[in-house]
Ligand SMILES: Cc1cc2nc3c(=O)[nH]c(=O)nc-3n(C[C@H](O)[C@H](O)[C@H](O)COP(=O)(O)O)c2cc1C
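What follows is a single chain, given as structure tokens, in the form predicted alone.
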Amino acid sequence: MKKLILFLIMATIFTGANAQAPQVIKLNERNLNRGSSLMQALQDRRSVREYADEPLSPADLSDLLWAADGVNRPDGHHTAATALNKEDVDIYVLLKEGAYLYKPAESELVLVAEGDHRELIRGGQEDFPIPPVTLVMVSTPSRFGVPDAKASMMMGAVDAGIVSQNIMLFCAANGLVTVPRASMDSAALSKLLKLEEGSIPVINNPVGYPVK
């Protein structure tokens, strides 16, 4: 009996240690009948740097991403505006299980790298708490197709900021907390996320439930 119990314990540990992150996470259909009014969300918006140790529910994660930059019209346009409508911003989602790329048209997350890499958003701030999820906004200025590199970078920074604002308003309206941050290990993230040359991690938003 003791041998059987030991075997079951070891099997559980082994299985947990070797559990693989899903290659694709299908997101829920958006719920348009939730949250406070826009004016109330603006009143409630705060920058919060503490998060409950609890993963986001599938519904909250799905609606958060749709609010951030999801498809909101039959023609494929998004909730977040972009300069020249070039959709230069990609959202990467850092979860405990792995790093994922958000695909708005497909309403799914596609695995980019397995494992927990959320500490990369600390960017030297070692006391910053690890959140349940962090959204990293990456701009690819070459998508604008304009010769002025400085203008492309500025447009990309503005576009990433628009996505970040969508995230903050969603959080304020739905009982989540976040803070916009430029601090992160951009070089390590670029390597981890396999970004193409010239793509820039611009801003990140850690997201979680408030500490009670």
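Keep in mind that this is a model prediction, so the values were computed, not measured. Note that residue numbering begins at 1 and tracks the sequence as displayed.
We do not show the form predicted in complex with the ligand, though everything after this point is about it.
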Legend entry - Which of 142-150, 25-33, 175-183, 60-68 sits within 4.5 Å of the ligand in the predicted bound form, heavy atom basis: 175-183
Inset, instruction - Please run the contact check for I203 against the ligand in the predicted bound form: heavy atoms, 4.5 angstroms, yes or no? - result: yes
Inset, instruction - Tell me, yes or no, whether Q43 is in contact with the ligand in the predicted bound form, where a contact means a heavy atom of each within 4.5 Å. - result: no
Legend entry - 4.5 angstroms heavy atom contact with the ligand in the predicted bound form for S37: no
Legend entry - Exercise: Q125 in contact with the ligand in the predicted bound form, heavy atom 4.5 Å: yes
Inset, instruction - Pull the contact list for 61-98: residues with a heavy atom within 4.5 Å of the ligand in the predicted bound form, in sequence order. - result: none
